[in-house]
Ligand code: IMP
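Let's start with one chain on its own, the form predicted on its own, as structure tokens.
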Amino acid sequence: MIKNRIWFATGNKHKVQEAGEVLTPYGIKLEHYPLERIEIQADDPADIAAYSLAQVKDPRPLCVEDAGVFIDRWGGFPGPYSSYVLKCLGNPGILKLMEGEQNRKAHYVSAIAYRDESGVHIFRGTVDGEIGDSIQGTNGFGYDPIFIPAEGDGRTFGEMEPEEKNKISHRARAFRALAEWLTE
């Protein structure tokens, strides 16, 4: 198994940069494998990532990641539909829907499907937090400007520097789990 170089199939260069920063201390180089994909409808991001991975017929060590923000008040919605909801409503729309809500708890989930000659393996990362009252910060992407991690100091992911976010984020946790498995 090539443990020091893997390819990340995604259309999102921000994800590649974040994941690469997490993997570098493990001596793993992450290469971008540009991929525009049609996501299946599923309740678990791991199912979506695994399906997308199966569509790529490249034999190199490869991974696909799917993530979502799960808002407790809405029964976990948007969850695996986070990209679509963000595209349609944006963060201002989410905040409008959350106006007056007392329960703002949410969690971010990342699921990585990784494939090499040994088969497909799933790695997950989760971070608890809440949806803020306003858009704060310009770092990151997606829901970062409105997601306040419970383990932080009250700032959104969007207000954190990348290295701060990568200590506690869902994606960093999933990629660290992958890195630890690759280097054990």
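Throughout, we count residues from 1 along the sequence that is shown. The structure presented is a predicted model; accordingly, all values stated were derived computationally and were not measured.
What follows is about the form predicted in complex with the ligand, which we do not show.
Contact with the ligand in the predicted bound form, defined as any heavy atom within 4.5 Å, is confined among 138-146, 116-124, 55-63, 25-33 to 138-146.
Across the proposed site, F70, H107 and G152 without exception lack any heavy atom within 4.5 Å of the ligand in the predicted bound form.
In the predicted bound form, none of the heavy atoms of D47 sits within 4.5 Å of a heavy atom of the ligand. The shortest heavy atom separation between N103 and the ligand in the predicted bound form exceeds 4.5 Å.
Contact annotation for R173: none of its heavy atoms lies within 4.5 Å of the ligand in the predicted bound form. With a 4.5 Å cutoff on heavy atoms, D128 does not count as touching the ligand in the predicted bound form; it lies far away. Annotation for 30-47: interface residues with the ligand in the predicted bound form are R37, E39 [heavy atom within 4.5 Å].
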